[in-house]
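Below sits a lone chain in structure tokens, taken as the form predicted alone.
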């Protein structure tokens, strides 16, 4: 392995909001592959070291192509999976079957597909990094889950009792997957952690609800995508080298456990 190669990070869902903030933050230390179902060519051009790749994470073949593309950019050492979708708050008995399947497919199956695709490359690179003693960042994975995964309730505003059970269930499964991956990959020296955002300004929460939600947050504000980016930056940094299988809550105090 050439020690001059750049460390490469894949950030999914990186065309906007949380994923974009993460990509921007990590671009100071990695070459970033901005992966999104939307065309992120213009986004990548706005970064110093970034390229884009259009990818639907529900398609295993596209996930494999994404990893191959990332390998052409340098040494894949880090994967941050932020791609996800949500839906309006709906009582469980009223959730359409196709909506349930779609959210599970993107949020859970998409995570599984990406991990299956990238793990062999991360394992191979981790071994070579150990053998060659390069200065590249040690391999790690960060999955973005949600406070809702722990509480079963996806909003702090009054939704008439509806819980977004499909979204909550999909994100809870990501937490379990994080721990399984952390155990499986520890022997390879690959760390796997999650960040669980609370209410974050962005398109997943209607803007007309931000003030109401902020009033219920102990810190009296909505979170910003940059708050999540800072947490991810810590988890992939050498400062977190002894942290794996951890779920880092970034929620303004809306859940303390």
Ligand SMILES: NC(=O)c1ccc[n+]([C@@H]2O[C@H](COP(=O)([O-])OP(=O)(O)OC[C@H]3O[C@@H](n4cnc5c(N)ncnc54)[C@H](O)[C@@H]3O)[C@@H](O)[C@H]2O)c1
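Residue numbers count along the first chain shown, from 1. Computed from a predicted model, the values in this text were never measured in an experiment.
The form predicted in complex with the ligand exists for this protein as well; it is not shown, and the discussion that follows is about that form.
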key: Candidate from 126, 168, 106, 119 lying within 4.5 Å of the ligand in the model of the complex - any heavy atom   = 106
note = Among 177-185, 126-134, 84-92, 70-78, the stretch whose residues bring a heavy atom within 4.5 Å of the ligand in the model of the complex is 84-92
ask   = Hey, in the model of the complex, does residue 232 get a heavy atom within 4.5 angstroms of the ligand?
value = no
Contact flag, residue 43 vs the ligand in the model of the complex, heavy atom cut 4.5 Å = no
message = Against the ligand in the model of the complex, would residue 55 count as a contact residue? Criterion: heavy atoms within 4.5 Å.
response = yes
key: residue 15 within 4.5 Å of the ligand in the model of the complex, heavy atoms   = yes
remark   = Contact check, 28-53 vs the ligand in the model of the complex, heavy atom within 4.5 Å, ordered by sequence, gives 36, 37, 38
